[in-house]
Every structure is written in C-alpha cells, then in structure tokens.
Ligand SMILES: NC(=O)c1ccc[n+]([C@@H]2O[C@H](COP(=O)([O-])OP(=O)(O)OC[C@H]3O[C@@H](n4cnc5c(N)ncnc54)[C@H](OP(=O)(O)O)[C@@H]3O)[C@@H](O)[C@H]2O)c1
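This document opens with one chain alone, in structure tokens, the form predicted alone.
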Amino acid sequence: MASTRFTQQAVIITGASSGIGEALALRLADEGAWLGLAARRADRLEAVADACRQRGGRAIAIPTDVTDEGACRALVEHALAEYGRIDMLVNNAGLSVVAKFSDFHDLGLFRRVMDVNFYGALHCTYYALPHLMKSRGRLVNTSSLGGKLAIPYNSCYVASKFALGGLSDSLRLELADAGVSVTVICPYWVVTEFHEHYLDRDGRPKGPAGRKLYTKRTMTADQCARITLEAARRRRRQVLMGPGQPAIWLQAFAPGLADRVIEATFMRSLRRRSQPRPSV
C-alpha cells in the first residue's frame, strides 16, 4: 500500500521530464500529491504529467527554463494559482560539462552549468520561499557527491554543486524558526539520461555512449527517488549515497590519500571519456 504522507501536498519539481525528476513525480503521484512539473522539453513533460494523473495524482506541466529568472517566478505563480499553496520545492534540474578547465574555449559553458545547477535552484527557491514559509514546507536540493568531494574534469559541475550546498546550509540556519526544512541529496551515479546529455568542451552532448559507465549495480532513478522522498518526509539535513560517507571522512582526515583514491578508482576512465573527439 502506497504511503499517503504527501497526499494533497503541492510539490514543484524541476528537471521533471526524465530521470530522477520523473521518478519523483511518479512516486508522489502514487501518494496523491499535487504536482507542478517543470522542464524545458514540453512534450516529454506533458507525458510525465499524464502518467502522474493516471496514477492518481494531480499534475500540471509547466515548461520552464530555470536559467530564466522570470520563467521561474512564473512557474511558482502557476503552481500557486492551480493549487493554492506550495508545500515542497525540489530543485532537480542539472547539467554538466566534462572537460579539463584549461581546455575550455571560453567561460560560456562554465556559466551555463552554473546558470542551470545553481542559479536555477536559486531562482526557484527565491520565489517559492514565502509560500514554503507559510506552509512550513520542505526545500529539497538535488546535489551530488561532486558537491562534497571535488573531482577533476568536472570543475563547473563541482563548483555549481558546492555553491548549492553552501546556499542550502545557510538557508537551513535561517529557516529553522520558520519550520522550513532544507534537505540536500547527494547521489552517486544513477541510471538516467544525465550522462547522455553532458557536454564536451565544444558543447556537444555525449549521446548514447554516455550510458557506458552504468552497470547492473548502478542505482536506478526510482531507487534514488525513494531515498529522496524518505529523506524529505523525515526532514533530513543531508543524504550521502554510494561511497559518500567514508569518502567524506577520508577527505577530512587524509586529504592527500583521498585525492589518490579518487584518481585511482574513479578518474582514469573519465579522463579517457573526456578527451576531445578527433576532427573529421
């Protein structure tokens, strides 16, 4: 029997057209939540909204580019007009560029990642926050283990997620008396379209080859959504998935060793994948 703890709770989810965002929407629909689903791909977004309605939730698709502050304000206003309240905001939209920082042609792609991963969350949070304070609701930010431990070839992604973590921690302190919880989710690798969409230094998406890093043991989007929603229910401060907790301890007490472990166990294959494609 599905939990009903989010029944008739109005929830905005960004990055909801696929992956973790879609999985969150479907699970919340099973509980009878009222969903405002945001992403750029209108057709995919409407398909997710329709699936949510078929599962018993209310859902509206609100095509949104989170890099546009005005669009984020309109997103919040649209959801508020539909449901009359906002109980939870899940900032889940994300993008990455995999390249050596010194190989960037300019800072345009770096700024683009910051705009999606950090400013997109900032925009939505700013406009949703008064309503979350009114409902004593929940703010959930999808970060990454890359927001806790730096890895090479991902400088813009890591910078954006570290910034998101800092914003989250500051807001948590400010909002304690208002009854608004702030939960940061730090997944390890999850089977989604994310790695198909990540860009090289020329702004070209990796495509289907991006899925090659996944194995049968890689966490599914639904598993990640289940963990995320349970953390939100309990108003947990932070969730570290995969090797997150031991890695954080190693970084704190033996940072040099942590660097070597990251290099040896994680980065060799990524370095090979991040090399520029040969010219044709």
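All values reported here derive from a predicted model rather than from experimental measurement. Residue numbers run from 1 along the displayed sequence.
The discussion below concerns the form predicted in complex with the ligand, not included here.
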Task: 4.5 Å heavy atom contact, Ala16 and the ligand in the predicted complex - done: yes
Open item on the list: I'd like to know whether Gly137 contacts the ligand in the predicted complex, with contact meaning heavy atoms within 4.5 angstroms.
Closed with: no
Open item on the list: in the predicted complex, does Arg41 come within 4.5 Å of the ligand, counting heavy atoms only?
Closed with: yes
Open item on the list: Please determine whether His78 contacts the ligand in the predicted complex, using a 4.5 Å cut-off between heavy atoms.
Closed with: no
Open item on the list: Using a 4.5 Å heavy atom cut-off, which of 174-182, 193-201, 127-135, 100-108 contacts the ligand in the predicted complex?
Closed with: 193-201
Task: Single option in Ala225, Val66, Ala29, Ala49 placed near the ligand in the predicted complex, where near means a heavy atom within 4.5 Å - done: Val66
Task: Contact assignment for the ligand in the predicted complex, among Trp189, Phe162, Tyr119, Tyr153, heavy atom within 4.5 Å - done: Trp189
- [ ] Sequence order please: the residues of 131-159 with a heavy atom within 4.5 Å of the ligand in the predicted complex.
- [x] Thr142, Ser143, Ser144, Tyr157
